[in-house]
Every structure is written in C-alpha cells, then in structure tokens.
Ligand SMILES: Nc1nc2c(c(=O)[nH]1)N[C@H]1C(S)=C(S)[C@@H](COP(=O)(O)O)O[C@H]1N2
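Only one chain comes next, encoded as structure tokens, the form predicted alone.
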C-alpha cells in the first residue's frame, strides 16, 4: 500500500538558508549611505576636498560632447546641474544595489569589485582634470573603504556560523536557526549603518562650515561707488503681468557654468592676479579691490546657449572695478591680443584685448543688485563684459587675469567647437501672453524684453498672425548695455493666433528672421508664440 504524503519520511537534507530577496537591495543602499557619509566627512577637513559624486560629475561635464551638453541645457535649463547630480546618484545607487545583491548571494568578490571600480573612478576624477588636486582622492578612498566594509559586514551577518549538529549534517532546525540569527543581525547592522551614516554626514557638513563662503559673504557690506547710479525708474513690470522686471533678482538670475557645485572660495588667502604679457604684474586682495575706485553699471548678460525666446539672459546692477584701469596699471604689452581669465576651479575664458580697452563698461564685479556677489554668481569676484557672451568673458570665482595671445592659449569652450569671438546678437523675447495662460478675448498686452548690450535697443515691432508689423512702446532705457522692456496693447479676438517680435538696435540693425542654433556663436531668429484666445467672459 502506498503511504500517504503525511506519512512520508522527512527530507534528510533540507534546503540551505537563503536570505529574502530584498536583503541585497537593502545592503546596497546601506553601502551607498556609508560611502556618501564618509565622503562628506572627509570634505570637512580641507577646503580643497570635494564630495566623490561632485568630482565624478565634474568630469562628466568636461567629457560630454557638445551636443549632449546642448541637449542638457535645452532640456533642464538652469536645473542641468541638479539633474546631473541626480543622474549620477541614481547610477551609483543602481550599481550599489547590484553589488548588494551579489554580496548576499555569496558573491562578495563581485560586490567589492563594483565598489572598487567606482571608488577608483572617483579618485581619478578628483585628482586629475581641470580642478583636480593632489589630495582630492582622499574622500573617494574613504567612501570606497566605507562601502566595501559595509558589504563585508552584511555578508557576514547574512551567513552567521550556527552549529547545532555534527559537522556536515544539515537539519531543518539548523537552517531555521541560521535564518533567525541572520535576520536579527542583518536588521541590527542595517539600523546601525543608517544611524552612523546620518551622524557622520551631519558632522561632515558642520566641519565644512569652516570653509563656507556663504557665511563669510554674509558679513561683508558692499561699499557705495563714488558716483552711484540714480535710483531706477518705476518698473513697468509692476503693471504688466508676466513681463520681466527691469532687474532680475539674484536668486532668479540664470546660472550656466561648468561647476557642478559652486567652489568654496573664502577671501582668506584669495587674491586676484594680473600677469602674463604685462609690464607690472598685480596681485590684489579682496579688501584692496573694494578700496579702489568703484563704479556701478546696469548690464545684461546672456548665455550663448540661450535659444530664441529662452530665459538664459538677465539684467542686473553691478558694482566693481573697471577692467581697463586695472590693465592700464599693469601695462599691457604690445604683443598681447587676448585677455584670458581663470576661475579658481580651473575654468578659463578668453576674449580680445580690444574689448577690454575700447571704453565699454567691463568690470571686475564685487556686488550684484545692491548686495555682495552671491556665491552661485561668483563670490568673491567675477568678470562682467558688456556685449560678449558669457562663455568667453563672464568668468565667476575669478582668480587670475592673464594677458596672452590667441595663438598661445584657448579658453575652455573653444576646443569644444564654440566660436573664438562671441558678440551678443540683437534679440527680443515675448514674455506674455503664453499658451499656458487662460486667455479671454478683449484688451490684452503683448510684452517682453529686447537686448543688444553695447548697441542699445531702438525699436521693437510685433506681428499678429500675418498682419503688418506694429511698433511697440519701449520701457525706460537704463543704459545701452541693458535690456529694454516693450509692450503693445492688443484687442484679442477668439481663436488661434501667432505672435512674433523683432528688435532693431542702436546701429539700425534689425534681428534676422533666419533661425539658427546657439552653436557656435549664438542663436538667431524671431521669437514667436502660438496662443489660443477664448470668448470674452
């Protein structure tokens, strides 16, 4: 008679202990937390040390081909850097999860290999390249050790030695005890790593405050120029919803640069050097710059990556020291034809000497819109050169001005395919109305801004659908280096409409209709928007 299942003999060799599937992901995430905390702690011991994620991200920025960078800027705009950091972290987390899964599946060597690979990449990124330092590898090394040690810990607690039977004899009871012991130790280790990572990361951030440029900047009070500009007129933007203001607030001003995280530059030991092909090299401390003759100018800056109608442009009131006075004091030698500017993070940008000495209001800026330069916009000093795109002139965190030649040196962006000389093109933009608004028939303003720094704006015209061009009313002219607001009252009718604008600068040149990409020297074309107007309320 065949025995029933309930009378069947027990399996003498039960399956070995297998951890739950989620343990691998948890171990990987714990390793990431430990690595980031160790890296953050290390950055608190020296101003030159950087978080490994930032170091890798900086190298990604440098290595990415121009089309990739263009897509990133077009897609994310001024959020391109948070997007890159997020992407780097997601890749790091994904690799860590793979390493954690391998670790709890008895493939510790695979997990440690992944950790070592990313750690060595971080060490190389922090040591070599544009802003590498001799000790830059330290945070990545500590992060690698912390992540590797975490994986080793979880491998050991996943498979604890539980002996309840003679060697070589497997029992169901032994498997159960192994699982129970592992679970207790695993959860304990997970909690311990989490708490430890939080404590170490917090300690690192507190240590880093010693190098905080934000804290130092908060204690600096800008001096007033000997001949300050008059108070700005009433801002038409106050009465036209959606119109850009005369001055863009510092927090809203666009930021496009190659620094993934703003450098931690304090004025302790910082100085601006002017050297190269000069007769009398200069070295000026922060206080010495503030104690020189100060000037104040309204200048619009624009990024060469700005698409037609884009927002990578802004107007601000700047205080600083005239660049031509500094260069005249240094004595520019006849052979020099390029002003090469250097940032503390290794970024370089060069423009013609003639643009520094032709009388335009180029300055080493120390303040922006009435406050000391924000860290994100170049504290302690940056360059502002009206009429040139930022990639050749608007160097932030300025440390050196070198007089050189175009046949001797190239700025950061030139080998990457951008034009050597980069005058800002005459452009205009429609700020309002936009398709996203709920528009109703009746009197509506069409309004925006136009700019041609150094040439001024003479006229802005608006075309509605395929009708005649109509002259818009211009807002106050702060300076020929500043943008101008414009607006046109429109009796809107229900239906789909296309609005276009074009500007004419002070030389009589009207911006071209021909569309072109930003590369290699700035976008062209008329800005147009398509809107839908509903019936009147």
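Positions refer to the first chain, counted from 1. Computed from a prediction, not measured in an experiment: that's the story for all the values here.
Just so it is clear, the following notes concern the form predicted together with the named molecule, a form of the same protein that is not shown.
Contact check for 301, 391 and 397: all three have a heavy atom within 4.5 Å of the named molecule in the model of the complex.
Taking the partner from the other structure, the named molecule in the model of the complex has a heavy atom within 4.5 Å of a heavy atom of residue 256. Taking the partner from the other structure, the named molecule in the model of the complex has a heavy atom within 4.5 Å of a heavy atom of residue 382. In the model of the complex, no heavy atom of residue 277 sits within 4.5 Å of the named molecule. Contact annotation for residue 338: none of its heavy atoms lies within 4.5 Å of the named molecule in the model of the complex. Checking 286, 118, 247, 347 against the named molecule in the model of the complex, a heavy atom within 4.5 Å turns up for just one residue: 347.
The listed set 377, 360, 264, 429 contains one residue whose heavy atoms approach the named molecule in the model of the complex to within 4.5 Å, identified as 377. Residues placing heavy atoms within 4.5 Å of the named molecule in the model of the complex fall in a single listed stretch, namely 338 to 346, out of 216 to 224, 338 to 346, 323 to 331, 416 to 424.
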